[in-house]
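Let's start with one chain on its own, the form predicted alone, as structure tokens.
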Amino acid sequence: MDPEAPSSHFSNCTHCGFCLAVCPTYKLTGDENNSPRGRLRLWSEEAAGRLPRDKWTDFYTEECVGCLACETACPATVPYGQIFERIRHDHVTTGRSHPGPVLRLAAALVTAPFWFNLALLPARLLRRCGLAWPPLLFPGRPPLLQSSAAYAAELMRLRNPTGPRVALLTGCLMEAMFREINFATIRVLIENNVRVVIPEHQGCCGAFQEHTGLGDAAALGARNRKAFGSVEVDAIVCNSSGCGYALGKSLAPDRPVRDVLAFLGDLGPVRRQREPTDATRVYVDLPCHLVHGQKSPGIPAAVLDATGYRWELAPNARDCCGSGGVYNLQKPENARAILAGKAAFLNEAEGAPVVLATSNHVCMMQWNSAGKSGLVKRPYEVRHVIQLLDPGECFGRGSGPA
């Protein structure tokens, strides 16, 4: 057990059971050990020396999605996420958990943005050509060579906004694979008279290291504190809830990080005008690291109204979709079972086209897989909410089965 693990927090758990109703793995299995209070008991007993290290503690630790819904439900405010991250890291460093070679390579590459962007250039090309066949890769047309920083500087010169100044986290996977979302974010911010700065030398937020237990998240945090601490801005914003949660922990308490949609909600974004005959229906899912990690009430209604589309929250919108950072790669069967219950409504949902919108690119990947894996048998679109505010956005490249 990690000697720095906050074992004193184990005693905060009163075993009330409120976490059981929101835990995706407990709902799948009905196994008490596969719940937050069950895992806390195993870790506590092991930390106290009353339970030896065994394969079952390792198994139940790896079963956790890390969705943090238990933190929202917990009346005793047990910092489950903080405990879980440290124990997961300890299990990896001591050889109790063994992330695969692909994840180990990715953990190394995300710390070197140039090489990560270069390594994923072929994948960007495949997506741009409409040849993205893996189930998790949703359709899109990412720019191949121009960076988000270069694009922001170019658009700033052309439009010359005069409003508040923000620093944008471009992210590692977002920039390397789904760069079109960054470009859309920059366009929407500048259209709303916001000045956009992309700090130099920023890096991975550390979420990947937290999800896998690999690498040094603290070193990445220090790098971003230096990068974002050197710019004078009115706000630091992020267009991925998972990245925003991780960056927020790194920069706290001096430099609070805001979800870009919440920031736009305060401004009152420019409203898109749609034809009255547009039959598009948008169903909004709320990422776990937005509502449970950042403790946000959700995506502002003012932002969703500004898309100009008819929208409503998806059923069980506050429940985990099963993505869990890399959980859908490490535990694909569990992730698919978690998604199945959430995605079933899309088979009967009204709209032409139907759009599933969220604010986290990893959640978008998971939702796209619902069609590719046969959970959803009709065409639908997967979009980031910021793309629905983008005047250049269009539909018609369905995310459902071919």
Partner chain sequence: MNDLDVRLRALLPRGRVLTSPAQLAAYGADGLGYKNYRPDAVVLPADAAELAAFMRGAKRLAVPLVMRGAGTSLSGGPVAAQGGVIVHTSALKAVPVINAHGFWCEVESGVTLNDLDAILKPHGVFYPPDPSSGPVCTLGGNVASNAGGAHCFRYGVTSNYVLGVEAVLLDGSVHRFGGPAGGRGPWREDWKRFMIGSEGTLAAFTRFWLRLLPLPEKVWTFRATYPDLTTTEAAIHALVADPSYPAAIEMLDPRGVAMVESSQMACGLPEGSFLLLVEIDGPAPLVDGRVPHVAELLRRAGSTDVTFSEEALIRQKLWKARKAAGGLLGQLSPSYVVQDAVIPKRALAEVLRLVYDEADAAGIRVVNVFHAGDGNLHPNFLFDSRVPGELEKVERISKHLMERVIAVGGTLSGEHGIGNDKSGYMPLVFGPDSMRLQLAVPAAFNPTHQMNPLKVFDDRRFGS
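Being a predicted model, the structure only gives us computed values, none of them experimental. Numbering follows the first chain given and starts at 1.
Just so you know, the form predicted in complex with its partner chain exists too; it's not on screen, but the next bit is about it.
Engineer: Please pick, from 77, 230, 162, 93, the one residue with any non-hydrogen atom lying within 4.5 angstroms of its partner chain in the model of the complex.
Structural biologist: Comparing distances to its partner chain in the model of the complex, the residue within 4.5 Å is 77.
Engineer: Between the options 349, 337, 344, 42, which residue brings a heavy atom to within 4.5 Å of its partner chain in the model of the complex?
Structural biologist: Among 349, 337, 344, 42, a heavy atom within 4.5 Å of its partner chain in the model of the complex occurs only for 42.
Engineer: Does the 4.5 Å heavy atom contact test between residue 30 and its partner chain in the model of the complex come out positive?
Structural biologist: Output for residue 30 is yes: heavy atoms within 4.5 Å of its partner chain.
Engineer: Heavy atoms within 4.5 Å of its partner chain in the model of the complex: does residue 17 have any?
Structural biologist: The answer is yes: residue 17 has a heavy atom within 4.5 Å of its partner chain.
Engineer: Is residue 377 close enough to touch its partner chain in the model of the complex, meaning at least one heavy atom pair within 4.5 Å?
Structural biologist: Residue 377: no, not in contact with its partner chain in the model of the complex.
Engineer: Since only the chain is shown here, I'm wondering whether residue 38 would be in contact with its partner chain in the model of the complex (any heavy atom pair within 4.5 Å).
Structural biologist: Yes, residue 38 is a contact residue.
Engineer: 365-373, 42-50, 350-358, 329-337: which one contacts its partner chain in the model of the complex at 4.5 Å, heavy atom to heavy atom?
Structural biologist: The contacting stretch here is 42-50.
Engineer: Any chance 117, 133 and 183 all have a heavy atom within 4.5 Å of its partner chain in the model of the complex?
Structural biologist: Verified in the model of the complex; spot residues all out of contact, no.
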